[in-house]
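As a starting point, one isolated chain is supplied in structure tokens, in the form predicted on its own.
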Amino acid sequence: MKIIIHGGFFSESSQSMETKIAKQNALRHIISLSYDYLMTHSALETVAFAVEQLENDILFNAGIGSQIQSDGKIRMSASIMDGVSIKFSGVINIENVKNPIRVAEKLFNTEDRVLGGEGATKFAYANNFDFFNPEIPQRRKEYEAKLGSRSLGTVGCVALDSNGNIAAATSTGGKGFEVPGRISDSATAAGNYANQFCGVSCTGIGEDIVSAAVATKIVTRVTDGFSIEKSFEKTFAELKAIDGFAGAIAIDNKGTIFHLDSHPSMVYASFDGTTVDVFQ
């Protein structure tokens, strides 16, 4: 059993050492909690659980504490994919719910598995998800001050369970100050993908990740016989060719945990049952 999570990118220029330490501690806690959960649950159940914990922590830009868009509203996206059934479900630009990943999970066994905007929000309320305002005072201050900061704080998880099954989940609160209606990579196969050979969750600039089809390419290359390292190397070389900004975490069916970023500041933690590895 293996698990890896990420919390987006850490900006040394805009975030203090105190914040960095807080994120390290939060990731260490969440990875341990999620690995314990994985011991008695499937990979699919675990990635939803882990991303829910990340959404509930205001240090990360997903769920509670999501970024505010240019019209003053918060819209979130999340997706989940099962490597066994090759089923994908997600929500795009959902509003006023606490955990978008749980709504995405709820869609998993429905016929229409990816919903956006008002339709996603209505589905959530019709399925007993409560109204919840994910805004925190810090985000409102940033918005009112027109700081225009761009957060690359997508969160995600990839897990390999005791049966050898892989799943991936990703959630985001957006980049902040974006045009309403903008769609990120997080609820697409470019940013979140898994099959029986590999699972990948991405973070970074959504447009770059979609343009390079990062998650899908990595998984496809592993499926075709590339090592996970070579799959990342080739995909990130293609990302570099378009000056793309992204990071990705992955686990293959051999239990290899891997991560890489185009700009070395991705926030991640992994646990293989023996050693916890947290970004430094």
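Just so it is clear, the structure is predicted and the values come from calculations on it, not from any experiment. Residue numbers here begin at 1 and follow the sequence given.
Form predicted in complex with ligand ASP: not shown, discussed below.
Student: Using a 4.5 Å heavy atom cut-off, which of 134-142, 83-91, 116-124, 206-214 contacts ligand ASP in the predicted complex?
Tutor: Looking at the partner contacts, the answer comes out as 206-214.
Student: Answer for R182 alone: is it within 4.5 Å of ligand ASP in the predicted complex, judged on heavy atom distances?
Tutor: R182: yes, in contact with ligand ASP in the predicted complex.
Student: Would you classify T154 as touching ligand ASP in the predicted complex, given a 4.5 Å non-hydrogen atom cut-off?
Tutor: Yes - in the predicted complex, heavy atoms of T154 and ligand ASP come within 4.5 Å of each other.
Student: Using heavy atoms and a 4.5 Å limit, would one call K175 a contact residue for ligand ASP in the predicted complex?
Tutor: Flag for K175 set to yes.
Student: Would S186 count as touching ligand ASP in the predicted complex under a 4.5 Å heavy atom rule?
Tutor: Because a heavy atom of S186 falls inside 4.5 Å of ligand ASP in the predicted complex, the answer is yes.
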